[in-house]
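Form predicted alone, single chain, as structure tokens, below.
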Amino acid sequence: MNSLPVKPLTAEAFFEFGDVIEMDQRASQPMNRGMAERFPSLAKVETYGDKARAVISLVHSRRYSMPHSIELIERHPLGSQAFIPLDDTPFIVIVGPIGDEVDVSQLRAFKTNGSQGINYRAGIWHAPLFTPFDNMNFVCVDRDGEGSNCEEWLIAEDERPQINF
């Protein structure tokens, strides 16, 4: 098994793959007569194609057992995809660069701090939601509309990276 190291999620480390959605170290604007703060434009929602639109969904992800081998990654060529946790629990983000094929040696893994969300850019290869610490709930912002917006890549059994911590 190939071991995939897991690094802390930072905006700088994740920039190639998308956006980190968090309030830490971000400028805010007062709203509601000073009773709230708005942290604007933390991620760009991308939608491509005729009749495409951004949608908001809720997702429940079950806890994965560890160690875990990454068998499948996917991409969404027609739009970005964001996951914002509703629980104060870390999760693991596994990503690879844009390309027609997947190079397993280029996969990267990041651990969120429990309050960070992520936004994958259109076309970024990524593993399905990976929640090894607990069941989790997320707000998902992505594209809906005509056209196929999910492509999957099954990783050969002898190349599957393993995550264990």
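For clarity, every value in this text was computed on a predicted model and none was experimentally measured. Note that residue numbering begins at 1 and tracks the sequence as displayed.
Below: the form predicted in complex with a further copy of the same chain, not depicted.
Remark: Val93 does not count among the residues lining a further copy of the same chain in the model of the complex, judged by a heavy atom distance of 4.5 Å or less. Taking the partner from the other structure, a further copy of the same chain in the model of the complex has no heavy atom within 4.5 Å of any heavy atom of Leu78. Taking the partner from the other structure, a further copy of the same chain in the model of the complex has a heavy atom within 4.5 Å of a heavy atom of Ser61. In the model of the complex, a further copy of the same chain sits within 4.5 Å of a heavy atom of Val45. The partner is not shown here, but in the model of the complex the stretch 67 to 82 reaches within 4.5 angstroms of a further copy of the same chain through a heavy atom at Glu71, Leu72, Gln81, Ala82.
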